[in-house]
Every structure is written in C-alpha cells, then in structure tokens.
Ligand code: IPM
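Okay, so here's just one chain, in structure tokens, the form predicted on its own.
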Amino acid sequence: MRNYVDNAVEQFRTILEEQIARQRKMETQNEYTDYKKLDKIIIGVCGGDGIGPIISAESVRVLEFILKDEIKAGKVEIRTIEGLTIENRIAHNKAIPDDVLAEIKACNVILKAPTTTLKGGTLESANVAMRRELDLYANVRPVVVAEDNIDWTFFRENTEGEYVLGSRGVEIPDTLAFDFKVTTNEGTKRIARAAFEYAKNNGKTNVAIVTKANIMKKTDGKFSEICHEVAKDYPGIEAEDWYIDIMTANLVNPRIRSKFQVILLPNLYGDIITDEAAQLQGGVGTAGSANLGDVYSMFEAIHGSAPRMMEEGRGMYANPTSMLKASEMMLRHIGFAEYADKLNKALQICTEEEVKYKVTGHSDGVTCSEFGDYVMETIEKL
C-alpha cells in the first residue's frame, strides 16, 4: 500500500509542476490570428467517427457551394484531414496522432465532426486533446428558442476543470480512485474576459456565473472570485452567481429562464448544461459549437458519433444541421459574415419556416445529402 501512496504523491508532484508551467505560459501568451490579414484562410475538416464523415461531407459540400468565389480566387482552401478516427488513434495509442496534429496545426481553423471517446482506459478524448494542443479555451454555444423568448450564449471554460487531467487520475486497486480538477488564475481570467467582452459588444446586460462554489470551495470558489474581479471592468453589465444545480432547474423554468443572456461556467458544468439547453432548442443535433483560442479555432457539432445509427444502417439519414450550424459560426468567425447570414437564414427556413424536407434519422425522412441539397437550393434563392 505504501508504494501506491508514494507513486501517487510523485504523480501529483508532476501534475502540479506541469499545471504551474501551463499557468506561466498563459501569462506570457501574446500571439493571435487576424483572419483579415491572411492571404488565404485554410479550413481543415476532420471527419471523425460514426456519422461524422457523413455529416462533415455535407458541410464541405455546402461550404464549397457558398464559398465558391473565394475558393476560385485562392482566398480560401478546404483541406480534408484524415486520421482522426478511433481506429487510428487506438493504433497509435494517442488521442491525436502526431502526423494528424501537424496537419491540423497547418490550418487556420478546423471544422470537426464527432469523434468516439472510449469508456475507461487511458486513451484521452480527441476533443480534450485538441482543445489543449490548440489552446482553445472558450467553448461558445448559442441557444435560441424565439417563441419562448430564449436567447442564451454559453461561455464554457474549455481547457481546465475536470477535463484537463481526465486520463491521469490515481487508483489504488480495490481501495479508491482520485481524479483531479484544475482552476488557474489566468485560465479563468481569459474565459471571463471573453464572456464579458461578448456581452459588451452584443448589447447584453447580464452575465450569470455558474459554479458549485459552496462545495468546491477552492476551484469553483476561485472561478467565481476571479469572474467577479473581471466584471468590475464592465460596469454596465450585471454579474450574478448561480449554483449549477439550481441553474439546471432554471433553464426549464418558464418563469425565469428568459432573463438569462450570457452564461459563464467551468468546463464540466458547461458540458452538461449546454446539452440540456440544446434539447430545449430541438435536440443536440440542432446545435453547433465554437472552440476559440487566440491562434487557432475549431468548430464542431456538440453531439456524439451515434454508433447505434451506424450499426442499424441508418447513417445516411443522419441530421447534418449541427455541422451546418458549426459551419455558420465558423464563417462568421473568419470574417465572412455575409455568407454566414445566408447559411443561417437558409437553415432557419429549412428547419422552422418551410420544412419541405425533414430529417428524422430514419427512412421516413430525407437523407443527409437530400437535406444538404435543400439547404443549397434555399441559399440560391436568397
């Protein structure tokens, strides 16, 4: 037993030193990408697993259609990045194999389909690894349900919390197991700034800071404290504390939910509660997500790879809406607001207003490709 304890203590020392070094690195970070100054924007597309290649292929088809003039002029390049599959990751025993990561870093922005994460074991999530390797610290997820007066934008810290060391916990066989949660000063400051800057620039007057600081006193307590310090630089915006459990209830409470505007959370809480919010919008298949850093950015669907659909032979009926929403967010981020507006309007028409063709995930609905055709036909009419 003593050997297990000694090994755990040494492992924790290593983890502490690494996280202190990560904090120091964040303090000195001064690089950023200005897409307006790039001669050519390179969009890397990772097909992922399960339904991922199907829905990402549809996104590429729509992007090539809407960006045809920019591609022809050499201002945009769309690259397919192979190898971010569960089979290749297992074969290399790496969340992102080195050659795949090099291809990703050769691009300016990434459009990523769902990837499979194994239960148990030590193979890290590809999402977690990509967020760390590209320092994608802000996960931004908008949820809009106009008829219920819901217009939420979630800012989830993306590189810390329980996820940063999720595959490096300590286990003493037949006795106990520990996982780790990390909250750094600089990591919290930058996600808080991102949320309050968004609020300021978009006419929002309220930021809800969501933690469980009454229980997780060190980590969540620090997160709340630093967010309120940042809030002092934004006097026109109200910052209020909410605990994650009551906020989860409030999102389904018609009497209060419409008051929320920008919601700022640590990593794990943000992961869970944004799926709840997406369900109110129509399901996780309707929601896209932005993962923003200073140098790189990655846009993705928020749902998984749907292995059951593939096992049942229904992959062709997968709904590409989430990837198309992610594509719309990406277009806006890299400076193509006009194209983003067109895609957003087309999706609104195709999923809410006209709905001539509906994706159901089964043969009673249209295929992924047929829905893509419908979106492009709609764009052409705008």
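Values in this document were obtained by computation on a predicted structure and should not be read as measured data. Numbering starts at 1 and follows the sequence shown.
There is also a form predicted together with 3-isopropylmalic acid; it is not shown, and the following applies to it.
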TODO: Using the partner position in the predicted bound form, report whether T184 sits within 4.5 Å of 3-isopropylmalic acid, counting heavy atoms only.
DONE: no
Task: Interface membership of V128, 3-isopropylmalic acid in the predicted bound form, 4.5 Å heavy atom rule - done: yes
- [ ] Examine T85 and determine whether its closest non-hydrogen atom to 3-isopropylmalic acid in the predicted bound form is within 4.5 angstroms.
- [x] no
TODO: Report whether the minimum heavy atom distance between E300 and 3-isopropylmalic acid in the predicted bound form is within 4.5 Å.
DONE: yes
Open item on the list: Partner absent here, but in the predicted bound form, which of 67-75, 117-125, 225-233, 103-111 has residues with a heavy atom within 4.5 Å of 3-isopropylmalic acid?
Closed with: 117-125
TODO: Would you confirm whether the three residues K212, W242 and R257 all fall within 4.5 Å of 3-isopropylmalic acid in the predicted bound form, going by non-hydrogen atoms?
DONE: no
TODO: State the residue from W152, Y198, Y163, Y296 whose non-hydrogen atoms include one within 4.5 Å of 3-isopropylmalic acid in the predicted bound form.
DONE: Y163
Task: Stretch 8-30 - residues with a heavy atom within 4.5 Å of 3-isopropylmalic acid in the predicted bound form - done: none
